[in-house]
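Presented below, as structure tokens, is a lone chain in the form predicted on its own.
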């Protein structure tokens, strides 16, 4: 028997390189998060409040984009290679997209961190949501563009591997992990069109001074066209691990391969036509478009509920294979001493809570109550901050040994680390959600107003601030333990079989599902149609009202848009 690094040494080298970049971003971003948590709550202020926004931008970009997407690049390369049972078609191309993505990420990071040094005359204090009117140094936008193009080339690399496999296996069903990678990339290609147009056509020329103005609402809408599906670009690696690795760790098998394929097809179809639900309070978009976005968003609950059912059923099967019995007592038979399993299971539990707070965000009328409050970062600390980040860290404890040929340095430290992250996030997310219900704003270093005190019906504002400060501290300590454990694992002596990296076949295989599920052209065409239906009129309204580059216009925007489209057609 051999591990992944023995079978595919070149690919293992690339995956290790992506994880190094990912974990470096995790360490820096977590340090920025600790500074934010202590500054915002007032317990330790080592930076000026003007620098808070630099730190906030670094925290958001490095964790939400660089850490997660570089981990995805490595995981998907591992998954395609492993499931197709062949090396990548051109390893030079694989290294090329790694080099381009890394260079772009470094450019963006340099532009952000330079904001802490006034003598450098460079900054990118545009927060994670980098749309106008906030403006960054051109290096930031150029870095982002290179980073995104790097991901596109990575997707092309995986599609080439699939094409090579398909020519040798014309009648076979697409292996499940490769199917997940391809559908995720199709969603990514479709959803990044908006941010690519925004960055290349508007923000880069604007930052260089080639154009004087941009239409802020247009760049904002193009950002959110990408800004919500990117959530699923983070989540899909977690889903891949929940569907294909977690059942094995539980001691069983995936409950249903067909259900997993349905879920990924639904995310391809439904992820992109929903971004306007981030703009319920934007005055330049008609209420009807917002209502359509809200309806589309509610359909996204279906793949999440299917995932909850399938993953829990797989875990129960594993527990019963280990001797578990009863309606709920089988939970005690799961391998809770395995850090990879426990981390993923706790991440899934936290994701369920994030789903409920996400439903609040998605509802138009309820959203008005929590919009731009701490409730919103509380929500995405549950989703990307726990469901995604904790799954990636826990999954690393199973992946790193097979990528290095070395055993994990310490399983007890790893187990303590994932539990500590869970506890820290309970404090952080609880404090943020409750503070949001009090109306305490987000995106500000000074959350208090003159002559105004927030009051809580349960507990106190001071108690919530203590929770957030404790949560931020525990999370940072957890990241330090994770990096420490992974680093020491990488310098252990090589051993013959550091981990069992085989994955069992699903209980219900692909043969029991309709072949049409593998028709990627069909699902892509439907996804494009849905995007056109959801975005053509709103974008036409915004352009007809404000112009491509910020011209002043007239109201109501919906009527103007209809006139504009009729004029173009006639």
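Residue numbers count along the first chain shown, from 1. Model, not experiment: these values are computed from the prediction.
Omitted from view is the form predicted in complex with protoporphyrin IX containing FE (HEM), to which the following refers.
Only one of 255, 147, 421, 78 lies close to protoporphyrin IX containing FE (HEM) in the model of the complex, with a heavy atom inside 4.5 Å, and it is 421. Just one of 381, 261, 277, 137 comes within 4.5 Å of protoporphyrin IX containing FE (HEM) in the model of the complex, counting any heavy atom, and that one is 381.
Proximity of 222, 300 and 530 to protoporphyrin IX containing FE (HEM) in the model of the complex is absent: no residue of the three has a non-hydrogen atom within 4.5 angstroms. Heavy atoms within 4.5 Å of protoporphyrin IX containing FE (HEM) in the model of the complex are found in one stretch of 304 to 312, 169 to 177, 468 to 476, 92 to 100, which is 468 to 476. Contact annotation for residue 127: at least one heavy atom lies within 4.5 Å of protoporphyrin IX containing FE (HEM) in the model of the complex.
Shown alone here, residue 543 lies farther than 4.5 Å from protoporphyrin IX containing FE (HEM) in the model of the complex, counting heavy atoms only. Residue 213 falls outside the set of residues with a heavy atom inside 4.5 Å of protoporphyrin IX containing FE (HEM) in the model of the complex. For the chain shown alone, residue 290 is not a contact residue for protoporphyrin IX containing FE (HEM) in the model of the complex, no non-hydrogen atom being within 4.5 angstroms.
Residues 52, 56, 59, 60, 63, 64, 67, 68 of 45 to 72 are found to place at least one heavy atom within 4.5 Å of protoporphyrin IX containing FE (HEM) in the model of the complex.
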